[in-house]
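Quick setup: one chain, the form predicted alone, written in structure tokens, and binding and motion questions come after.
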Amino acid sequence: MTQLPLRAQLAAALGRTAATLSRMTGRGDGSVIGGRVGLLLEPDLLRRLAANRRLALVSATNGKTTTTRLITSALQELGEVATNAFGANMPAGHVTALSQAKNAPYGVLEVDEKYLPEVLDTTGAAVVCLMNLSRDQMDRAAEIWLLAKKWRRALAGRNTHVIANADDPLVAWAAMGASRVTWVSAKQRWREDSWCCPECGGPLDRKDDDWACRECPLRRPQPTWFLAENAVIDPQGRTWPLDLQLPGRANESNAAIALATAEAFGVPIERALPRIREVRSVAGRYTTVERDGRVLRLLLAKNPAGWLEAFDVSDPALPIILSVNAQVPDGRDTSWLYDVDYRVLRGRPVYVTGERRHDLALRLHVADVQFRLCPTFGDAVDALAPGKIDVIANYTAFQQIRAEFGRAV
């Protein structure tokens, strides 16, 4: 690594100290405050920390934290990898991640969708992974077509290797502006935000994973990587059983993107896949915690597409706790609750909590789902008999639950 200028060294050191103090005083993992302190002293710190490293940026509406973790695990075949493992996905978090692994020659950074153009411009990352786009945090995020347009402009004319999901029309349209793209058929279950052509606004014809515009030449690009039934097919036509420890179809999609990215870094699939299989939990997602004989599995869902995937992982034989907040990181607008199909919960014991429990309760009533309203998460747990329980929570509700269990990982 190139030696940082003295000012940048001082800024990075003070940032690390701030992060450490944050952890020691129980205020958080320090991922954000450390970067903020560093950027305050050296506004160009992210660019300086990224210089001379080979970086991958990972962006999507859903799955970017998990995919970042999977890619990081695979790239550790090559050596030390800097990463923002706990999802601090804006520049302050990136500064903290790169500062804490100051000698790592590689980096994998999860990036908020809105910040991707800025972070790409600042870091000059060699590889960008684009996975999916759906409506999310509607009071603070731009309309998703505008996000796709920003991605497309950011990638145009750059010598960046893009790994992109060919099955999501918005993602594909954004990536088509790049000079080099590896297309992955990573599947897309949520399609309610992509029935119109992002190029001309015409209707999209969709059959299985294929899609094409009825009114202009835009159509799905030809993938070279394919997600099959619990397996990935590589560009040589070889089939690799995934056998992941992470549950659900969404994580198989994440693994397909991760394997294609690892190959872009020179890690062959036979070395990357065993490392990806070792991942059991990501920043508390999918982990289990226990209290008074209740074994709770923690699932995160923060938008309609995410809830679809969470229901896919959830065990219909178990009782379930749902918790929804509406703080700034979640988005204050929870009208998306009406876009989730909750009918799959009919017949299950359902317990509802969180700041927006009354909104969620009304939505469940409309869906004819029986439920019990609980003032706190603890009340919901206490109301259930000992045994296995699924928990689905949106972002800040999930973090509050993690905190109750010592920031479970």
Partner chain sequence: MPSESALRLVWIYPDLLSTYGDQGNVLVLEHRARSRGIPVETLHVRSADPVPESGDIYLLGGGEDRPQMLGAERLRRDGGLQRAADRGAVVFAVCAGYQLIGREFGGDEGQPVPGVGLLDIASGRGEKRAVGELAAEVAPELGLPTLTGFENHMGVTRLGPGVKPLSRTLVGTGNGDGTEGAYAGRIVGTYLHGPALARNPALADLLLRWVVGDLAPIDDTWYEQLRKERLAAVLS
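Numbering follows the first chain given and starts at 1. As the structure is a computational prediction, the values presented were derived from the model and not from experiment.
Omitted from view is the form predicted together with its partner chain, to which the following refers.
Participant: May I ask whether 118, 311 and 318 all come within 4.5 angstroms of its partner chain in the predicted bound form, judged by heavy atoms?
Facilitator: Verified in the predicted bound form; spot residues all out of contact, no.
Participant: So which of 270, 215, 243, 278 gets a non-hydrogen atom within 4.5 Å of its partner chain in the predicted bound form?
Facilitator: Partner contact (heavy atom, 4.5 Å) among the options: 215.
Participant: Ok, 236, 335, 222, 103: which has a heavy atom sitting within 4.5 Å of its partner chain in the predicted bound form?
Facilitator: Exactly one listed residue reaches within 4.5 Å, namely 335.
Participant: State yes or no: in the predicted bound form, is some non-hydrogen atom of residue 198 no more than 4.5 angstroms from a non-hydrogen atom of its partner chain?
Facilitator: Contact check for residue 198: yes, within 4.5 Å of its partner chain in the predicted bound form.
Participant: Is it the case that residue 137, even though its partner is missing from this view, gets within 4.5 Å of its partner chain in the predicted bound form, heavy atoms only?
Facilitator: Flag for residue 137 set to yes.
Participant: With a 4.5 Å heavy atom cut-off, would you call residue 282 a contact of its partner chain in the predicted bound form?
Facilitator: Heavy-atom contact with its partner chain at 4.5 Å: absent for residue 282.
Participant: Is residue 53 close enough to touch its partner chain in the predicted bound form, meaning at least one heavy atom pair within 4.5 Å?
Facilitator: No - in the predicted bound form, heavy atoms of residue 53 and its partner chain never come within 4.5 Å of each other.
Participant: Only one of 36-44, 60-68, 361-369, 380-388 has heavy atoms within 4.5 Å of its partner chain in the predicted bound form; I'd like to know which.
Facilitator: Among the listed stretches, the partner-contacting one is 361-369.
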